[in-house]
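The form predicted on its own is given below as one chain in structure tokens.
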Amino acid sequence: MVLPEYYVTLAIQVGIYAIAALGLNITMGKAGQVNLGQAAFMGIGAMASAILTLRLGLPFWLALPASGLLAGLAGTLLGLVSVRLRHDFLAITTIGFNFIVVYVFLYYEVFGGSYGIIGIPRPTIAGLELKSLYYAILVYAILALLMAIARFFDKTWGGIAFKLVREDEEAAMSLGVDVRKFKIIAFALGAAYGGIAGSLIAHFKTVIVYSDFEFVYSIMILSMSIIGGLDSIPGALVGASIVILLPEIFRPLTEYRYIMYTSIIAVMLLYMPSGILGSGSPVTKLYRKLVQK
């Protein structure tokens, strides 16, 4: 029974990080706002959910949305900063934000310091503890819901405004789009998705430490988004699957996984900048041709 459990664990990790990557796709792919600190929002959601359930006694089902809201609030604050910055300066700011959040987790005892927070409870339904396969079902149900929300939003005026902001801010303003507002919304939504992913990983691992949300994990999430396609909603799941499963397939290269991530990003940007399922990718073009036939 060890082998099936191993596969379930991998599936859960893929689903959780797909949610985080989906949030990054909203911020970067849909609205064109650089965010290299998505792991920090996961950390905020994870720590919030752990504290709310373990120390304040709230049920998981309340802590989960609350964690998303708190992370979304942090994203809103970062979004307020982003309206004054562009490109390289914004990228550096989000990197710095990630380091600051990790520093706070490490040096403030409320977050467990270097020992982290242990004994985080698993969610329950009617007294049944959700773990293993049941937890996987929960994760993918939430992923499906969040993908549906993202797809719905993409078809609304807000989604159209995101695309206008991404393509040309001055043109967007000339069409009456409040660029400042939609930049903030993009950060808030992307961060909220990251916070939900953080809550799920906290209650899956039951132990979280500051190092779980260091900058390298932001790079890992970024690589998932780029591989799957930054502007693609299902691309987040494809990218997460590849990035999580590749190190398992090539286990002897695990120590070099960070080099692997950056190498994959470089190769994808050079030869397939739209990602596997991005709007301009060969796979998407082939699919559209088949559908038209």
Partner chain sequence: MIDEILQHLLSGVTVGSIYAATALGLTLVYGLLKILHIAHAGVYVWGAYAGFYAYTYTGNPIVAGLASMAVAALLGVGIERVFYLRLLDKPRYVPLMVSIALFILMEELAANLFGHYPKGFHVEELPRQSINVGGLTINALQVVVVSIILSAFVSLWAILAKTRFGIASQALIQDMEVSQALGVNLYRVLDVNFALGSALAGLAGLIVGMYYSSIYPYMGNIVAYKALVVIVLGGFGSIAGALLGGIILGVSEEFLTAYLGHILPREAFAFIVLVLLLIARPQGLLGRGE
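None of the values given here were measured: they were computed from a predicted structure. Residue numbers count along the first chain shown, from 1.
Same protein, other form: the form predicted together with the partner chain, not shown, and the subject of what follows.
For the candidate spot formed by Trp61, Ile149 and Gly176, no residue has a non-hydrogen atom within 4.5 angstroms of the partner chain in the predicted complex. The partner is not drawn, yet in the predicted complex one stretch among 167-175, 153-161, 88-96, 135-143 has residues with heavy atoms inside 4.5 Å of the partner chain: 88-96. The partner chain in the predicted complex is not approached by Phe111, whose heavy atoms all lie more than 4.5 angstroms from it. Contact check for Leu70: every heavy atom lies farther than 4.5 Å from the partner chain in the predicted complex.
Contact check for Ile265: a non-hydrogen atom falls within 4.5 Å of the partner chain in the predicted complex. Taking non-hydrogen atoms only, Ile125 never approaches the partner chain to within 4.5 angstroms in the predicted complex. Residue Phe215 is the sole member of 188-218 found to place a heavy atom within 4.5 Å of the partner chain in the predicted complex.
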